[in-house]
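Here you get one chain, nothing else, as structure tokens; it is the form predicted alone.
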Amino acid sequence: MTREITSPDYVSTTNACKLCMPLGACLAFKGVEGAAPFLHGSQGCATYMRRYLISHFREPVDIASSSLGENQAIFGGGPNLKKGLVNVINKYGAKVVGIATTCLTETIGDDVPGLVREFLAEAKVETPDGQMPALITVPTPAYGGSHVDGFHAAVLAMVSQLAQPTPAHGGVNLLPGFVSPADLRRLATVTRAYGLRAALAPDYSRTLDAPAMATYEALPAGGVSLNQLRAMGGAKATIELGHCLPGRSAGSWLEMYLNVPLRSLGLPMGVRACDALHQALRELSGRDTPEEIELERGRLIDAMIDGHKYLSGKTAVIYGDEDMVVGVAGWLAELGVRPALCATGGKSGRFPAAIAEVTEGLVRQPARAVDGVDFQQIGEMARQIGPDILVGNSKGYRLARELGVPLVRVGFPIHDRFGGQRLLCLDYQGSQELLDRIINAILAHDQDRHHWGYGYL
């Protein structure tokens, strides 16, 4: 007797719509001045992450490793961790070492904070100033969540392990989330425009998008400094960006333990979200919005008017990191594009509510928001929808090709195009650039399909 199979049953993950936790932690540590990311695990894990980050950022990315093998999996990785720390401190002269665990070291039960305390009691370092660097530890089992979860865990670790009660200094803490180096530079620019001194954490806008140098720098210049992290407790407020943050985020920790008021906002993409950011900056600075930023807002409104005829009534499938998908969905809804499917591999538990919040009052039919999915599931749902466009990272290329629709690349990773680290999506200017990319992708697609080809548009 045979059984007819009517659906493609499978139990494995097919091309996950996420990456692993320690990768996100290593990226966050690259945003601290003089920091060396250190992976307590196998050499293969560090090699995979270096390869992944280099192909997106086009920069050398050093990630140290305790290089565990079969023996350490049985007897514990403590000796390798301590030996690796001595090597990386003496070789790099790092001011900070960010130590992230892997699924191997979490499974065998290594007590990394305890091992670090033993190391500090035993070790002798040979750095130029003879000072022991700050050692930050964060648990990031690869099976515990996505790369974005690892990123936020590392930011919480650096803030909670370094920030101290400090006299009020009038600055602000700006926690941007997992965005591009171009977006980090933009956030720093608009904050300065209001006369605010901001501690941007993490800030990998230079370490992962550096100018060409005559000689190789093992630890590139740039990043939030140790002094800035330690002084976060004296800030007048923290601005934390992201709708889908963990319940215990760095911003909530600063508010709970150091009494720094928290302002939680979504990624500033589109008019509504950008207006919310600038409202917060006006209130914190006591200044009006600078004229140049007002002009940028006006140009964005003008572009929406000019471009609505190309976008009205279109449908989109958006996928990738939770907060990026939420930001894009809200912006597309403002433009008259229906976000028919919003999908992510993350599982914060806040994703569907965040999609509903940013599209409220803008769409006639609620967007379908699904989390914890892979590209097998995204493909099945997208084929039923028949979208006009896909918006997401490079992982959706095969699906876009199968559906015969354009793919607009945003987020991480972008492996099959040049300049992924310089894609600007935030604030009025970034929203403008994303709008241009979306309209031009639709126009180019139509030109390629129809006989009329070139023409006045």
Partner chain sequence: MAKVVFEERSDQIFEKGEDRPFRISCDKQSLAGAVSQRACVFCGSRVVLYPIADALHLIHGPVGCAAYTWDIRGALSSGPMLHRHSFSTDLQERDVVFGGEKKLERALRELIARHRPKAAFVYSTCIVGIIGDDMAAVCRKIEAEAGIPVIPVMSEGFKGNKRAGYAAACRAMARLIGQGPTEGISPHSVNLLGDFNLAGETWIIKRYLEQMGVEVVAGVTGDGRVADLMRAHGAALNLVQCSGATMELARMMQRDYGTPFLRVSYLGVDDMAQALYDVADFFGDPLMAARAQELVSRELGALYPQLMELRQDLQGKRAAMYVGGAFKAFSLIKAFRLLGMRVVLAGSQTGTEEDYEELARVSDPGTIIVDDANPLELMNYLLEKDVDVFVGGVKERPIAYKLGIGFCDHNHERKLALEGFEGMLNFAREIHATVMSPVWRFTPRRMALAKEAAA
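Source: prediction; values computed, not measured. Residue numbers count along the first chain shown, from 1.
Keep in mind that the form predicted together with its partner chain is not shown, yet the notes after this line are about it.
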Requested in this report: Tell me, yes or no, whether Leu104 is in contact with its partner chain in the predicted complex, where a contact means a heavy atom of each within 4.5 Å.
Outcome: yes
**Prompt:** Is there a non-hydrogen atom of Gly114 within 4.5 angstroms of a non-hydrogen atom of its partner chain in the predicted complex?
**Reply:** no
Open item on the list: At 4.5 Å between heavy atoms, is Ala210 in contact with its partner chain in the predicted complex?
Closed with: yes
- Task: Classify Leu426 as contacting or not contacting its partner chain in the predicted complex by the rule of any non-hydrogen atom within 4.5 angstroms, answering yes or no.
- Result: no
Checklist entry - Does every residue of Ala188, Thr344 and Arg409 put a non-hydrogen atom within 4.5 angstroms of its partner chain in the predicted complex? => result no
Residue within 4.5 Å of its partner chain in the predicted complex by heavy atom, from Ala221, Ala218, Leu295, Ile301, is Ala218
With the partner omitted here, the residue among Thr166, Ser225, Asn87, Ser264 that in the predicted complex has a heavy atom within 4.5 Å of its partner chain is Asn87
Among 25-33, 384-392, 54-62, 427-435, the stretch whose residues bring a heavy atom within 4.5 Å of its partner chain in the predicted complex is 54-62
Of the residues spanning 29-51, the ones with some heavy atom within 4.5 Å of its partner chain in the predicted complex are Phe38, Ser42, Gln43, Gly44, Thr47, Tyr48, Met49, Arg50, Arg51
